[in-house]
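One chain comes next, on its own, written out as structure tokens in the form predicted on its own.
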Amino acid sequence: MSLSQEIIEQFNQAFKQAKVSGEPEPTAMVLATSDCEGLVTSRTVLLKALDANGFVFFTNTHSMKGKQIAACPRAAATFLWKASSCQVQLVGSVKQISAEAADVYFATRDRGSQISAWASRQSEPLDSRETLLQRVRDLERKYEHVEVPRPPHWTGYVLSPESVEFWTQREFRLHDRFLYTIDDGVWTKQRLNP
């Protein structure tokens, strides 16, 4: 399944408008995942890439979202750009990107973020902040004169949408809503009531 060029162009246009309008973190998207047994959780992650395959973000596979994606590889995400009065909603399947692509992105992260990917046992209980900071110090010593490798439990995921909705705020709540859906590899666009 490939994302249509029209959707990519419309997203990029809305993203650019959000940046121009002063949105403080336009790459932030609320990602909702499920364990497929009724538990749904959400959190904010950062969009790191967009191409014909979909929307890419990175995380720890041992985190709650990583475990939920492994159990139920579907998700929804929402970008809310209040500064430009726009929202984009995605629903679709999620899969890991290649190890090679994850390595390439990990190498671009600042060293402190690389160390933290090793130090944090994301979503697990932590007895004190000092425990976490001690792990950081230990890892800084371990990798003092070498490049920090990507942890095997840290990778990227791509959300490949099956539906994408663009919502733009209008006066008197007569908002513009356009829903793109895919059927047999063909994307269609439909205006929705506000």
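Computed from a prediction, not measured in an experiment: that's the story for all the values here. Throughout, we count residues from 1 along the sequence that is shown.
The same protein has a further form, the form predicted in complex with a small molecule, not shown here; the description that follows concerns it.
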Sole residue of Q134, S34, T168, T44 within 4.5 Å of the small molecule in the model of the complex, by heavy atom:
T44
TL;DR on 54 to 62, 143 to 151, 158 to 166, 125 to 133: the one with heavy atoms within 4.5 Å of the small molecule in the model of the complex is 54 to 62
Heavy atoms within 4.5 Å of the small molecule in the model of the complex: does E25 have any?
yes
